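First, one chain by itself in structure tokens, the form predicted on its own.
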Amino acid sequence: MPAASVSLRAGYLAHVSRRRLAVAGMLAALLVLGALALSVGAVRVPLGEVVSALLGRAESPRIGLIVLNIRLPQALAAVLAGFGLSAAGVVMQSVLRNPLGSPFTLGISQAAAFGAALAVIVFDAGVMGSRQADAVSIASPALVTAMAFAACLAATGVIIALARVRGATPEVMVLAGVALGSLFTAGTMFLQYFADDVQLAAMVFWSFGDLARADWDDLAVMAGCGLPILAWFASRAYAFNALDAGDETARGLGVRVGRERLLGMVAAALLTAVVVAFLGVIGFVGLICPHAARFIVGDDHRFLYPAAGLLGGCLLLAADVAARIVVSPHVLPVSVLTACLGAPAFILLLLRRRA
């Protein structure tokens, strides 16, 4: 084998090894943050007792209840939601060739919130409560997810149509997302206007992106809908890499561009709908984490996709831990913290593109 080929092969293997090491480091950080999320809170549980509770040998029923029935579902919801929203952001940025694309900036999260609110208030798909802990208990997860998905599809259809318009720059797409977000937010406010006092309070609490409302039943539905989509995204890494190179290049490599773009956007919309239907709107995760992952591992979707998902899980776990500490003993919704982080990051991205 020529020396040049050996050198290129060695360089490529070193490149792949560095990316794999980076992804492994993110996985380790996720596990550390997960352990911290199970330990920190109004009741601090030492890590040794957390491990005992996970093994079914909790020192007291109270510790077992806190770890297994409250904090563990919350931590898993953070990982699943972070991975899902980040993966959806990666796919949207790829198929639309828009670095500013994400479920939140394109108005798709707001569309899902409107669909879920419509199902809960109009079609009685949720059981209302008067406290934050039980603001909305989903009685019909299938109906809520279906309505949220239908609204997401409507927003996605508009976005895809605009993407096909000649001259639809990333900035134009973001402005369209602002318009769609405002439209669906107005629809949600319209529903709240005609709600009674308890329904209104419940929907305001529900609209906060909050991990604390997740229980094992919600997680089962989220995992059942989300994991197959995440697996499909991973299987399409080659196609998304080709789309990043341009439509003509992708067609030359045998990729059906229109089909991949449509299926990718529909799958990302469904993933967003599932997360928003159960946890509310959590903004900017799908925008920040893909860009952070690109900075670390590059644009290859074989590494970008898992890296962005792991960073999304880390971000939500860290935000969940911080939300318990900032105004303890009160717990902030994680969407407050992600918005505080995401808004400056979004402005920086806009300034960077302008420069």
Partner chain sequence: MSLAVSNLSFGYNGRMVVDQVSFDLAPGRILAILGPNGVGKTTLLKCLNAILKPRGGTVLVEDIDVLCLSRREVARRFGYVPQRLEAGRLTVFDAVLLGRTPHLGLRPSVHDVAVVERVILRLGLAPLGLRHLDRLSGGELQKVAVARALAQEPRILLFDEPTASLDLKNQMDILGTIREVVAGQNVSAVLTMHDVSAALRFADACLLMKSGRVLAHVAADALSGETIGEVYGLPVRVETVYGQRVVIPCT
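Since the structure is predicted, the reported quantities are computational estimates derived from the model, not experimental observations. Residue numbers count along the first chain shown, from 1.
The protein also exists as the form predicted in complex with its partner chain; that form is not presented, and the subsequent description refers to it.
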Partner-proximal stretch of 35-43, 55-63, 324-332, 289-297 relative to its partner chain in the predicted complex, 4.5 angstroms, heavy atom: 289-297
Ser140, Gly157 and Gly224 each touching its partner chain in the predicted complex (heavy atom, 4.5 Å): no
Residue contact check: Gly11 to its partner chain in the predicted complex, 4.5 Å heavy atom: yes
4.5 angstroms heavy atom contact with its partner chain in the predicted complex for Thr188: no
Thr249 within 4.5 Å of its partner chain in the predicted complex, heavy atoms: yes
Non-hydrogen atom contact Phe123 with its partner chain in the predicted complex at 4.5 angstroms: no
Residues of 249-275 having any heavy atom within 4.5 Å of its partner chain in the predicted complex, listed in sequence order: Thr249, Arg251, Gly252, Leu253, Gly254, Val255, Arg256
